[in-house]
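There is one chain below, alone, in structure tokens, taken in the form predicted on its own.
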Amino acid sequence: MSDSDIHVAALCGSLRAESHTRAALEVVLDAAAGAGATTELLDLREYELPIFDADRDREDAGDAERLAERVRAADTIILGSPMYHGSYASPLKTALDYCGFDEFADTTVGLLAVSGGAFPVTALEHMRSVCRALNAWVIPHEAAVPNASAALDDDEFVDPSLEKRVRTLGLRAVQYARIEPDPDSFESDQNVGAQGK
């Protein structure tokens, strides 16, 4: 299978109009496109996603089914989020709660976190834990953008080494798109909440 058959979708967990997360994800997608993949930004501002309610079917929850279809269509999914209170943002959590094994099991996932302050380690760790519970295969290379206001100027990276790290995530998204993860994670055996929603 050629790289041109690979589709990379980036799920943006920031709702801000001037989002540093969205700008960084655009760089990731540009690198993936440069490696031959088709790309798509899934901007959560464009989806009506009510707070997850396990008693409500996904088909009856606004645009949840439409979003899940777009996630399922991707060979690699990039999760991007600002770090809020030491974790990733609630819009992304809601989106992930409406997805499950059908969308993520055995799928390659890349992680990007952005923060206004120091390195957003915990946001990356929390996203990785959710992916592990869904049996996704997370790319070892992850990208973090600390001090985002200083790191980006007019949606362009100021530091070439930081831009290279973010672009590398896009390249890895294409290179690892067809990985076959094995074995399943222990967490996935215990994760019944993601089934059937």
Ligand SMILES: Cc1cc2nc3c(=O)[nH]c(=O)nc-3n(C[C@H](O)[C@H](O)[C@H](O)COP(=O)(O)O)c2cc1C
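Residue positions are given as counts along the sequence shown, with the first one as 1. These figures come from a predicted structure and were not determined experimentally.
One more form of this protein, predicted in complex with this ligand, exists but is not displayed; see below.
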Assess the spot marked by H7, T76 and A177: is this ligand within 4.5 Å of a heavy atom from every one of these residues in the model of the complex?
no
Taking heavy atoms and a 4.5 Å cut-off, does A148 contact this ligand in the model of the complex?
yes
Whether P82 contacts this ligand in the model of the complex should be assessed with a 4.5 Å heavy atom distance threshold; does it?
yes
Would S115 count as touching this ligand in the model of the complex under a 4.5 Å heavy atom rule?
yes
